[in-house]
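Just the one chain here, laid out as structure tokens, in the form predicted on its own.
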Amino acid sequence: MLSGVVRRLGTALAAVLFSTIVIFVLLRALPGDVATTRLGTDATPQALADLRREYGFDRPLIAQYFDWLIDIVRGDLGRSLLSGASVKDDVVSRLDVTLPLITASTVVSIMIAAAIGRRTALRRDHGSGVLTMSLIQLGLAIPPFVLAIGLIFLFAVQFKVLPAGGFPVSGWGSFTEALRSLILPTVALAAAQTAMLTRFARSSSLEFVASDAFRTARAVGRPRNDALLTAQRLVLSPVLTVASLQVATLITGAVVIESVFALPGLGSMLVRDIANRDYPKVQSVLFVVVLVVFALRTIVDLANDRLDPRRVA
């Protein structure tokens, strides 16, 4: 067991290190830079060169990369070239919105997917099961921003029960208002993920329904729902695996959702900083995102080793 933990941690660490190289190289491959953004296209070559020298962009790329890597190891994410603000402080303040949004949508989608997957597996030959799966697949067909606009029109404009967007200036200090402002974004972000996870939950449930273990449980008189609940851990294992892989997709989706609902989250900040070519800030923010994704992936792998004994070598 210990060797498996060490192996997974080593793999995650190597993947994160490789990701830093990819992030650094791809950002430098983008056309333009912060000097052009700040001085404009009419700036003289000498002025651009002087500003690049001031930012240290005239140094070899390998030196810039290792300086950034050493700062990360020290826990220093650097400062924004445009505002001069600490990247760490900006990330923490934005995560107050993005992290609850992604966490809530993930938890909601896993719970709904597991429940619907079990139910449709037991009713696979009934019309209600087929209809449920047909309706749930709409989550894959409807783009998140379209669903978001529909939710705003229905619950904010027509019924006026939830805010159309924004986030309290005091943040979670106004807990009720902050919670209400994230309800519609959570639903919009969770819809597509729920549809995706439901397919895996249903597939795992169907596999168990066709197994000898299920038939034995039914033979001793256990109700169908109770018999299927004995495989809850086996059903959750693939669902959690796919959910962990979807974290990066959720962050991408959060960019759109935060824009639609005017939320001051990490995604909206990242889009703005990429447009401004604020390299130090963008690469550090992307590093945090990659670190979160691989950390969650590793945690889920370790949890799945406990949920599904068949995975343990």
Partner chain sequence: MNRSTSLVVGGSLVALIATLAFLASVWTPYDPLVIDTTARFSSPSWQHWLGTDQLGRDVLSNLLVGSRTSLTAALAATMIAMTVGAALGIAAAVSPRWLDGLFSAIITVVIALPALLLALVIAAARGPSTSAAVAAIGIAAGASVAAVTRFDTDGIVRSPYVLASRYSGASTWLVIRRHVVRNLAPTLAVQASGAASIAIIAESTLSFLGLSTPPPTPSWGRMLANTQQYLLVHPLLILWPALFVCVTVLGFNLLGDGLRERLDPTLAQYG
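Each form is matched to the other, and the largest set of C-alpha atoms that superpose within 1.5 Å is called the rigid core. Not measured: the values here are computed from a predicted model. Numbering follows the first chain given and starts at 1.
We do not show the form predicted in complex with the partner chain, though everything after this point is about it.
Just one listed stretch, out of 99-107, 172-180, 198-206, 67-75, contacts the partner chain in the predicted bound form at the 4.5 Å heavy atom level, and that stretch is 198-206. Within 4.5 Å of the partner chain in the predicted bound form, a heavy atom is found for not a single one of V91, L95 and L162. Only one of I112, I142, L82, V187 lies close to the partner chain in the predicted bound form, with a heavy atom inside 4.5 Å, and it is I142. When the partner chain is considered in the predicted bound form, only one residue from A213, A219, L131, I149 comes within 4.5 Å through any heavy atom, namely I149. By the criterion of a heavy atom within 4.5 Å, S19 is counted among the residues contacting the partner chain in the predicted bound form.
Within this chain, L286 lines the site of the partner chain in the predicted bound form, having a heavy atom no more than 4.5 Å away. None of the heavy atoms of T36 is located within 4.5 Å of the partner chain in the predicted bound form. For the chain shown alone, Q137 is a contact residue for the partner chain in the predicted bound form, at least one non-hydrogen atom being within 4.5 angstroms. Shown without its partner, the chain has no residue in segment 85-99 with a non-hydrogen atom within 4.5 angstroms of the partner chain in the predicted bound form. Core-superposed comparison between the shown form and the other one: the CA of T20 stays below a 2 Å shift.
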